[in-house]
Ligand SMILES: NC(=O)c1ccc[n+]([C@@H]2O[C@H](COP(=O)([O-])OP(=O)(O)OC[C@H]3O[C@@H](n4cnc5c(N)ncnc54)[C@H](OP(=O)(O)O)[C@@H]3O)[C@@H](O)[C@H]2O)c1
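Given as structure tokens, the chain that follows is alone and in the form predicted on its own.
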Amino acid sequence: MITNKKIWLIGAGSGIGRELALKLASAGNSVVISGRGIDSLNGVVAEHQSREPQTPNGKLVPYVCDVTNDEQTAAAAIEVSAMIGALDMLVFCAGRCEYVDNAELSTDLFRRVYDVNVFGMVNAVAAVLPAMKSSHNTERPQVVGVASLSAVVGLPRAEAYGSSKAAAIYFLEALRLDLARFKVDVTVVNPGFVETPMTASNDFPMPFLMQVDEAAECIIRGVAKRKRKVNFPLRLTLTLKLASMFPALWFGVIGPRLARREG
């Protein structure tokens, strides 16, 4: 259980971030929710108020922020702390997914994906770390970054998305080592396929598809235990790890059969 925390949740307008925001506020946390659109953020606040009109202490505060803008993100961290006090937790759940068709690579596509999934995460973490490293909170501050199981092994059409998530994972795990002496914890979250607006446009089979409510519960349980990694669902995690252990089989036989053939 996560309760009575001051949390900045980025990427809360839809999908997993939205559900996390609702659950965290219902549990009595003070949560500033950020995204690029005020209408979607206000919608999350309205839903919380209709679900939990009597929730003690818990609240959602909308704050528009584009994490691809360095200066805006740095300023946002200061304002967020002014709103709710010194942060106990940053949850970075913003994400962008674009697929590569027919192995036609576009640097513009890669930049769009990396701007959110990698540089956006770096911006957000960099903005909160100075205060977290000097925190006098009773519990250790925590950085939570949502990556993806797609980074476990190469997947067709996921050159941009999967590699951006692999970069995010490496960033967070390296950061964990450097933050140990500052007593700041880092949790990497790797979901599989979750039914969200982002996956709604996927035109391929999504094995072990999870509902967003179930995914949010998995994340909250893992974050509350301060796990270094939260991977789910288990069946997909094991399948992809097995594939990574037998690269000749995956890249020589199974993976090519999954690749789309066009033209």
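All residue numbers refer to positions in the sequence shown, first residue = 1. Keep in mind it's a predicted model, so treat the numbers as computed, not measured.
The form predicted in complex with the ligand exists for this protein as well; it is not shown, and the discussion that follows is about that form.
- Residues Phe171, Thr239 and Ser244 are none of them found to lie within 4.5 Å of the ligand in the predicted bound form, as judged by heavy atom distances.
- Interface residue among Leu109, Val116, Ile84, Ala167 relative to the ligand in the predicted bound form, by the heavy atom within 4.5 Å criterion: Val116.
- Contact annotation for Glu217: none of its heavy atoms lies within 4.5 Å of the ligand in the predicted bound form.
- For Thr68, a non-hydrogen atom is located within 4.5 Å of the ligand in the predicted bound form, even though that partner is not displayed.
- The shortest heavy atom separation between Leu22 and the ligand in the predicted bound form exceeds 4.5 Å.
- Interface membership of Ser30, defined by any non-hydrogen atom within 4.5 Å of the ligand in the predicted bound form, is ruled out.
- With contact defined as any non-hydrogen atom lying within 4.5 angstroms of the ligand in the predicted bound form, the contacting residues in 186-214 are Pro191, Gly192, Phe193, Val194, Thr196, Pro197, Met198, Thr199, given in sequence order.
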